[in-house]
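Listed next as structure tokens is one chain, alone, in the form predicted on its own.
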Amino acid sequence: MKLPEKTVERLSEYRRTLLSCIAKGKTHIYSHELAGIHNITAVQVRRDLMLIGYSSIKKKGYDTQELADVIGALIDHEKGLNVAVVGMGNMGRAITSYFNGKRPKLNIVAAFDVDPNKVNRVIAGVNCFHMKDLLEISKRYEISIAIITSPPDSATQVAEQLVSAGIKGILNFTTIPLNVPDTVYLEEFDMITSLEKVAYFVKTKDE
């Protein structure tokens, strides 16, 4: 089943909420509760879940564990996927430290950099390798996804190297838009643009 990108985003957000509910001992949740948490309508929640073939017992709402499992089975790769971080500056370290252990089916297994002070060290819990060894390490660790946190002026070259190494998915945290082949899924996150978007809506509320 191939779902729309926005639906996948919302399903991931729902699962995060469901896991939080489970940790607090909450066994059921209603569509309007999920909707309120994520600032959307209950109709949207129900549409998303109907799209994946899931419905609730109306009197009790959605079973939190069951729904989390259903979403996980849909989103997660059956065998799990290995991830690499390219660029172990402050952002690369922060992302690696934050993400490791959050999802059992996604594991950051390696990092890459060109700084001799970072290469051949364990940083944020993962081994950091030189970029020249990207192809070899990617094959050895069966890496499918890469997160780019390198300096912007090297982002394009890094992306080309990743594509050549057989990486199938890239999350770009730099400010440089990238072009990759259709065989590679690219997600771009520009923090400056996101912050400016927030600032714009703050401004409009003040006017």
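None of the values given here were measured: they were computed from a predicted structure. Each residue number is its position in the shown sequence, starting from 1. Whichever C-alpha set is largest while still superposing within 1.5 Å between the two forms counts as the rigid core.
The protein also exists as the form predicted in complex with another copy of the chain; that form is not presented, and the subsequent description refers to it.
What stretch, of 157 to 165, 176 to 184, 42 to 50, 134 to 142, brings heavy atoms to within 4.5 Å of another copy of the chain in the model of the complex?
Selected stretch: 176 to 184.
With the cut-off set at 4.5 Å between non-hydrogen atoms, does residue 117 touch another copy of the chain in the model of the complex?
No, no contact at 4.5 Å.
I'd like to check something about residue 169: if you look in the model of the complex, is any of its heavy atoms closer than or equal to 4.5 Å to a heavy atom of another copy of the chain?
Residue 169: contacts another copy of the chain in the model of the complex.
Contact with another copy of the chain in the model of the complex for residue 73, defined as at least one heavy atom pair within 4.5 Å: yes or no?
Judged by the heavy-atom cut-off of 4.5 Å, residue 73 is in contact with another copy of the chain in the model of the complex.
Just checking whether residue 29 would be counted as a contact of another copy of the chain in the model of the complex - the rule being heavy atoms within 4.5 angstroms.
Residue-level check for residue 29: no, no contact with another copy of the chain.
Would you mind checking 102 to 128 for residues with a heavy atom within 4.5 Å of another copy of the chain in the model of the complex?
Contacting residues: 102, 103, 106.
Once you overlay the rigid core, does the Cα of residue 9 travel 2 Å or further between the shown form and the other one?
The answer is no, as the C-alpha of residue 9 shifts between the shown form and the other one by less than 2 Å after core alignment.
Once the core is superposed between the shown form and the other one, does residue 197 show a C-alpha displacement of at least 2 Å?
For residue 197, whose C-alpha is compared between the shown form and the other one after core superposition, the shift is 2 Å or more.
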